[in-house]
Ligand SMILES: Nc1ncnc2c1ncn2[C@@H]1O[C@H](COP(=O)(O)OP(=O)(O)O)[C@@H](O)[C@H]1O
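This document starts with one chain, in the form predicted alone, laid out as structure tokens.
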């Protein structure tokens, strides 16, 4: 009988996708191909002039370095009680993960989702994110697509991003939260408005981050010129909906009461 390792190696050679599922003994697993990480050149350029948390460039890593970094971080997170899929096999070219369900993004963007179910997912997402930050760790790519859902649990995936050692952990945790909350901006399928204040306040409760509101207000002030520019008539007409919603979110955050 073929082993999981043998099947994984065979499927790896016949499938060019970066991430894809395989079946072994009636169980689903996922193969993730080793891939290098590179900082976005445009992002690095703008970060020199606008050192905003969202623009912090990630480190360049070879495919093997990225694979070693991500699998080690997955295992570390599991040891800390954070929900991550188990790494069941790895080699220099790829690694294999236990199945941990579908992306939470797909559930939240279902146009038929109820408000109650939506915030049930949000609560689970925030709880898992808070577990990471309460352990003084960071994710690096906290967009909702990088969380999955299975058997009533949310799992954390895609941990390949890393940053300079000179970047302090509090900055990286705040960057995580900015990426997380911005994920909701793109949700146009919902029949109700996203309550950003609920998300902010619940995260503050779970992480005891009493200074979060001030950090968000400070961030909004940093981009206030761009917010003003986005409201100039001839510019506003040329902005995409995602950019408009980005600035709209931070206008809302700017109005946070002290």
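The shown structure was predicted, so the numbers you read here are calculated from the model rather than taken from an experiment. Positions refer to the first chain, counted from 1.
Keep in mind that the form predicted together with the named molecule is missing from the display, and what follows is about it.
Checklist entry - Though only this chain appears here, would residue 93 touch the named molecule in the predicted complex if you measure heavy atom gaps against 4.5 Å? => result Result no; residue 93 lies far from the named molecule in the predicted complex.
Checklist entry - Is residue 122 close to the named molecule in the predicted complex, meaning a heavy atom pair under 4.5 Å apart or at it? => result Contact check for residue 122: no, nothing within 4.5 Å of the named molecule in the predicted complex.
Next on the checklist: With the partner left out here, check for me: in the predicted complex, does some heavy atom of residue 97 sit within 4.5 Å of the named molecule?
Outcome noted: Yes, residue 97 sits close enough to the named molecule in the predicted complex that at least one of its heavy atoms falls within 4.5 Å.
Next on the checklist: Residue-level contact is defined here as any heavy atom of the residue lying within 4.5 Å of the named molecule in the predicted complex; does residue 35 satisfy this criterion?
Outcome noted: Looking in the predicted complex, residue contacts with the named molecule include residue 35, since a heavy atom lies within 4.5 Å.
Next on the checklist: Which residue, 167, 103, 72, 153, is the contact with the named molecule in the predicted complex, using a 4.5 Å heavy atom cutoff?
Outcome noted: When the named molecule is considered in the predicted complex, the option within 4.5 Å is 103.
Checklist entry - Looking at 47, 219, 203, 30, which has any heavy atom no more than 4.5 Å from the named molecule in the predicted complex? => result Here the answer is residue option 30.
Next on the checklist: Please determine whether each residue of 19, 85 and 160 possesses a non-hydrogen atom within 4.5 angstroms of the named molecule in the predicted complex.
Outcome noted: Yes, because 19, 85 and 160 each have a heavy atom that approaches the named molecule to within 4.5 Å in the predicted complex.
Next on the checklist: Just to confirm the contact call: exactly one of 172 to 180, 145 to 153, 109 to 117, 125 to 133 touches the named molecule in the predicted complex at a 4.5 Å heavy atom cutoff, so which is it?
Outcome noted: Of the options given, it is 145 to 153.
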